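Just one chain follows, in the form predicted on its own, and it is written as structure tokens.
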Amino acid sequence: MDNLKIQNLHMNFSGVKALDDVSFKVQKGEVFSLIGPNGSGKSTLFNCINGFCIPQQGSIKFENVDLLKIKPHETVKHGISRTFQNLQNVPYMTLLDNVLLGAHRRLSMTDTFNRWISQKEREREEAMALEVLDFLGIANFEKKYLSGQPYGIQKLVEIARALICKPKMILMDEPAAGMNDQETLEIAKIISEIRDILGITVLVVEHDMNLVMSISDRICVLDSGKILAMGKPVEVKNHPEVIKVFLGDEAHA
């Protein structure tokens, strides 16, 4: 069953083709990775899915919802959340309050008002946040201020904020960026558990090939806005053009 369906996407910036007739489907409950060099169109594609960019041609549908006809902030209401390469955390707030910011994205103005006047609603949301923090292994940090926390924990808070809104699909933009080898292994485990335990579809943009090959059900390779190859990790790893352009000797390591 398809979660996300992208058809014939074209996106131009001042005559430069960022996306050139891109089409693919992401199936429910899979980890689908996008790889490619800088400027290949990965981030542009994410921004089109989120509504931050509007393509000149093509369609993007998520469970039959036309994402190009809704506002960017409405995507979360339809089950899509996102993490960013550059952390979007608030350093002077606690880990718990940073995560709760994600819960507010799915609330109406009435819900937000009720939250501030209702202790019961506040407790319910805090319980949800603590559950997510526990899932990520950082529940003991909930009352600590984010400022001064290790980079790895700040990354996990970013993921927690995306998970608290209970998405059907999460877009993860370079989740291992800036992490050491041990932290990257932990992120790989978490991504697999998001799929296997929470049942959430994961769409990943990542440069770490070892991570991509270890977590992905399928991989799409972009080059200058076009799809160069797509398939299971072993298929992409052994694709002649992928080896030549992207992986080089790493493919045989």
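Values in this document were obtained by computation on a predicted structure and should not be read as measured data. Numbering starts at 1 and follows the sequence shown.
Keep in mind that the form predicted together with a small molecule is missing from the display, and what follows is about it.
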**Prompt:** Since exactly one of His207, Lys226, Arg218, Lys61 fits, which has a heavy atom within 4.5 Å of the small molecule in the predicted bound form?
**Reply:** His207
**Prompt:** Thinking of Leu156, Gly178 and Thr184 as one candidate spot, does the small molecule come within 4.5 Å of a heavy atom in every one of them in the predicted bound form?
**Reply:** no
**Message:** Counting any heavy atom within 4.5 Å as contact, can you tell me which stretch out of 196-204, 61-69, 36-44, 23-31 lines the small molecule in the predicted bound form?
**Reply:** 36-44
**Item:** 4.5 Å heavy atom contact, Val242 to the small molecule in the predicted bound form
**Value:** no
**Prompt:** Taking heavy atoms and a 4.5 Å cut-off, does Ala18 contact the small molecule in the predicted bound form?
**Reply:** yes
**Asked** Given that the partner is absent here, does Glu174 sit within 4.5 Å of the small molecule in the predicted bound form, heavy atoms only?
**Response** yes
